[in-house]
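We begin with a single chain expressed as structure tokens, specifically the form predicted on its own.
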């Protein structure tokens, strides 16, 4: 039984790859791998942010809109305000941290429940990111609300963040965002698993009252978790902007669903039954493989969300029913 819990998910992942390799034309090729990596990278970075908030018993629903706001801000800084890539990156990171701080303060100080505070923030940002350009996408040469033309352009250096590909076993196999994902994943893993801070965050998540009685500054850790989430979401948004080369209003709608799915599927990996960085990365890979496989089997796009939801529900049922059984059937 324990084996089933522990390796069931990884077996499922392998099974999925084998299935698509047989039934989806071209799935097993390097080009398809690049696509999977590319979609996984941004989803995974956002999902790692969600993971940090799940660890302290919270939940950040605003990540998708933080990412799209960051994409719009990066585009606005470079295309409209004609700033350098460096300035744009600093602005996006600062915005992510600020939004995380506001989320954290709302939750900790005003006692608004996590889901509601971050949901409110999500709606706020979705509206806010459209105001400067009156709801238009941002690209070089666009007409601004005051009638002038945007003269700036994306810095080539910035575009490389999303578009550069490293040679890995094959030429041009690994897109740059994947390298970001791996580095961020490792950092989050080390932080959560190996540092005192990470252990305290898990303690807060499992029993907040006990943690505060032992002298842990619960509020500070919660705020930090949301700030990490905001910053990671803004990095995801910048990578998206760098990949697209424009501030696209329409893209990024699925970011929230995919990232949350990855983080929640992450519960199930290796029977952890707790949010963890390794599981989240595997979850993101799982979602990426699933979507790429379905696309290559010509499944209509509108069935993808349904299948994604179905997989998520099944994964959660497995995790929680099994982990309940493990803890003695309470």
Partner chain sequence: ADMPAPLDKPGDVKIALVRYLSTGDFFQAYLSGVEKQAAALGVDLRVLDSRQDAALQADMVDQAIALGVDGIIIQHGLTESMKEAAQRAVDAGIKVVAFDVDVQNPAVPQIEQSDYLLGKLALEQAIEDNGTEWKAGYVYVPGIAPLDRRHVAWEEVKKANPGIEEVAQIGTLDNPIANSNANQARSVLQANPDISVFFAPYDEFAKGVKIAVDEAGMSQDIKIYSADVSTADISAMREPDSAWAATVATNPAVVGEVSVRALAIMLTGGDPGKQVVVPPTLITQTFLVDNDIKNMEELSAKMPQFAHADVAMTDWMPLPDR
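What you see is a predicted model, and the numbers here were worked out from it, not measured in a lab. Each form is matched to the other, and the largest set of C-alpha atoms that superpose within 1.5 Å is called the rigid core. Positions refer to the first chain, counted from 1.
This protein has a second form, the form predicted in complex with its partner chain, left out of what is shown; the following refers to that one.
- Contact annotation: residue 244 falls within 4.5 Å of its partner chain in the predicted complex, judged by heavy atom distances.
- Within this chain, residue 21 is remote from the site of its partner chain in the predicted complex, having no heavy atom within 4.5 Å.
- Using a 4.5 angstroms threshold between heavy atoms, residue 38 counts as touching its partner chain in the predicted complex.
- When its partner chain is considered in the predicted complex, residue 84 lies well away from it, no heavy atom lying within 4.5 Å.
- Proximity to its partner chain in the predicted complex, defined as a heavy atom within 4.5 Å, holds among 93, 174, 249, 101 only for 249.
- Residues 130, 134, 135, 136, 137, 139, 140, 141, 142, 143 of 125-144 are found to place at least one heavy atom within 4.5 Å of its partner chain in the predicted complex.
- For residue 82, a C-alpha deviation below 2 angstroms is recorded between the shown form and the other one after rigid-core alignment.
- After superposing the rigid core, the C-alpha of residue 171 moves by 2 Å or more between the shown form and the other one.
- Superposition of the core reveals a Cα shift of less than 2 Å for residue 59 between the shown form and the other one.
- Relative to this form, residue 30 and residue 187 approach one another in the predicted complex, with their C-alpha atoms ending up at least 3 Å closer.
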